[in-house]
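Heads up, the chain below is alone and in the form predicted on its own; it's given as C-alpha cells.
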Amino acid sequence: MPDARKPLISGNWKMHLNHFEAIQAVQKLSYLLPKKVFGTVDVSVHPPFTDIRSVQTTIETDRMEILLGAQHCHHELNGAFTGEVSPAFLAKLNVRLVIAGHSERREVFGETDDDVNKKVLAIVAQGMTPILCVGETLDEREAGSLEAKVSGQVTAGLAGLSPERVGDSVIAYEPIWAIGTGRTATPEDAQAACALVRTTVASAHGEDAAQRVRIQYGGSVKPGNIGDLMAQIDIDGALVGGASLDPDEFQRIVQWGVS
C-alpha cells in the first residue's frame, strides 16, 4: 500500500502517450527525480490501459519507486462488458492506485454516484487504493451548491467501506471548471473544499479516518501554483493532468518543496 503519511502526487495521462511514449516518459521522470524525494512523497502515474503492461515492466525492471496507477475500471471482475477492464486484471499487473469517478467519467460518460461507489468497493476488494474524485461544475459553484455536491459525492463514493479502508483511501477534489481550462481555484478556495471533504469523512467514518485519508487537489496544477496549494493544511497532494505529460514539468511539481 502507498504510505498514507506522505503526500501523493499523481499524474493522470488520460488518453495521451502510446506505450512507447509512456515508457520514455516514466524513464525520464525516474531519471529526473532523486531517490531522496521518495522518502517524503509518493508519486504515481496513470497511463492508458494499452500502456500499463509496458510501464509496469519498465518500473519493475529498473526498480523505480514510482507507483503504477490506472485511470478507471469496471466494478465486475469479469463478464460480458465489451471494452471495459476488470479490477482483478489491473491488480495482476501490480497496479497500486485506481482513479474512480473522475469528472470526465461522470460528465462525459454519465457515471453516477452509485457506479462510482461500486468501483471503489471493487478496487478495495482487489487490494488496490482508490482515488475517489469529487467536484462541482461552474454552474453548481455559482448557484451555491458546492457543499451539497461535494459532500454528497464523498458520502456516496465511500459508502460500504470500513473506517480503516476509508483512511487508506485517497480523495481528489477537482473543481470541474478548473480542469484543462488554465483556471485554478485559489489556494484558499481549494483549502475550503478539501476541508469540507475531510469534515464529511469525519461525520460518516470517524475522526481517525478523516485524519488519515489523503486529499488531493486537481485542476490545472502547475509548477507555479503547487507550492501555494500544498501549503494548505487539508491538501495532501495533487492529481495532475496535462502538466504530468511533460516529465520536466511534472518533476518540478513533485519536487515543490525541494530547494
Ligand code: 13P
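What you see is a predicted model; the values in this text were computed from it and never measured. Note that residue numbering begins at 1 and tracks the sequence as displayed.
What comes next is about the form predicted in complex with the named molecule, which does not appear here.
None of the heavy atoms of E136 is located within 4.5 Å of the named molecule in the predicted complex. Contact check for H19: no non-hydrogen atom falls within 4.5 Å of the named molecule in the predicted complex. Among residues of the shown chain, P47 is not one whose heavy atoms approach the named molecule to within 4.5 Å in the predicted complex. Contact annotation for L90: none of its heavy atoms lies within 4.5 Å of the named molecule in the predicted complex. Per the 4.5 Å heavy atom criterion, the named molecule in the predicted complex is contacted by stretch 170-178, the sole one of 144-152, 90-98, 76-84, 170-178. Here is the short version: of V201, A70, V43, V221, the single residue with a heavy atom within 4.5 Å of the named molecule in the predicted complex is V221.
Contacts of stretch 67-105 with the named molecule in the predicted complex, defined by any heavy atom lying within 4.5 Å, are made by H102, E104, listed in sequence order.
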